[in-house]
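Below, in C-alpha cells: the form predicted on its own, a single chain.
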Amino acid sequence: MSVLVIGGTGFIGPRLMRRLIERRETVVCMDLNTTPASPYATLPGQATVIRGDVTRFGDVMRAVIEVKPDRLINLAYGLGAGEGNPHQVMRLDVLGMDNCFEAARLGGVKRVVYASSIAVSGQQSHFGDRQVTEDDATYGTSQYAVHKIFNEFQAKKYIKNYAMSITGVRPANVTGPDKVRGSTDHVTLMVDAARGKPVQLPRKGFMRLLIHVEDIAEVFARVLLADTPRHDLYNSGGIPVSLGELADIVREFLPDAQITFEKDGGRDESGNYLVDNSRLCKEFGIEYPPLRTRVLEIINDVRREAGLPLIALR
C-alpha cells in the first residue's frame, strides 16, 4: 500500500513513517524540510522524501498525482506559533489542510487522516470534573484551536458532499525529548533535569494530558491503515498529571534535580485534561505504557544524546 505523509519530517512524522515501513507499506513524505532536525528521530532509509509546500495547492496536487497514494495523512500544522504570525499559520493550518482534502478528492485517495488537537475543547472548566468525548461542544479560543475546529468542520463537509473517508485524531499534549513547539513545559521539566540543569516553571498545579510521541505515532498508524474506521473523529487521550506530580516522578530517577515553581495552583486555568478515549481504545486496541516508564525513557534519551550515564529503573 502507498502512503503519502504530508509534513513528515517534524516531531511525529519520522516515528510514524518508521512504523508504516515496518508494516511493509510504501512511504513517501512531502515536506518543505527534507531532513528532520531532531537527533532523536531519523527518517527511515526506505522512505522517499520530496520537497513541497502544503500551502501551495499545486505542490500537494503534484505529489498526489505522482505518488498515487492509497492513504494520505497531513501532519503539517503551526503548533503553538499562530499568535505571533497569524497570517502564515492560517495558511499552514487552514489552507494547507484544505489543500490536502481537495487534492485527495481530485486524486481519488481512498483514505485521509489528519491531526486535529485536544485544544479544540478549550478549558477543562467548561466540563467540570468529567471526561470530554468527541461529541462534546468545542470551546477553544486560541488561533491554533480555532484552526483545528475549522479543520474538523471542513472534514465533515468533504465527507458529506463527496462521500470521502476522512478521519481526524485529536492528540493530547504530546511529549518527547525533541518537542520544541506547542506545550513544552512538561518537556522542559524532564529534558533540563536530565541534563543537570535547574528548572523553574510558573504553576505547580497546572495540568497536562501527556501522551508520548511514540504512542501517538502508533495511534496514527493504526487509524491510517484501517480500511473502515467506525468514526470520523477520535480522542487520543493520555495520562493526566500536574507539573508538580511530574516533577515528583522525575525526582524519583534524579533525586538531585533542581525543580522549582513560582506558585502553587493552576489547575483551574488548565486546558482540557480529562478526556474519554474509549472509542479509540476499543476499536484499535490502544494501550499506553505507564507515565513513569515514558518519563524514564525521555530522561535516558536525553542523557544518551548528551553522553551522560543512563539511569536504571528503580
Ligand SMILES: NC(=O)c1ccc[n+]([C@@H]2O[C@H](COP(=O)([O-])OP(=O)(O)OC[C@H]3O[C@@H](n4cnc5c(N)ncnc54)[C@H](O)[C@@H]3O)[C@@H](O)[C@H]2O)c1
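Throughout, we count residues from 1 along the sequence that is shown. Keep in mind that this is a model prediction, so the values were computed, not measured.
Although not depicted, the form predicted together with this ligand is the subject of the following passage.
In summary, the region of this chain contacting this ligand in the model of the complex, judged by heavy atoms within 4.5 Å and restricted to 277-285, 62-70, 47-55, 259-267, corresponds to 47-55. In the model of the complex, none of the heavy atoms of R230 sits within 4.5 Å of a heavy atom of this ligand. Contact check for I12: a non-hydrogen atom falls within 4.5 Å of this ligand in the model of the complex.
The closest non-hydrogen atom of L75 lies within 4.5 Å of this ligand in the model of the complex. The closest heavy atom approach of L254 to this ligand in the model of the complex falls outside 4.5 Å. With the partner omitted from this view, the residue of I166, M190, V132, V174 that lies near this ligand in the model of the complex is V174 [heavy atom within 4.5 Å]. In summary, among the residues V241, V199, L92, A145, the only one with a non-hydrogen atom within 4.5 Å of this ligand in the model of the complex is L92. Residues of 179-195 lying near this ligand in the model of the complex, listed in sequence order, are K179, R181, the criterion being any heavy atom within 4.5 Å.
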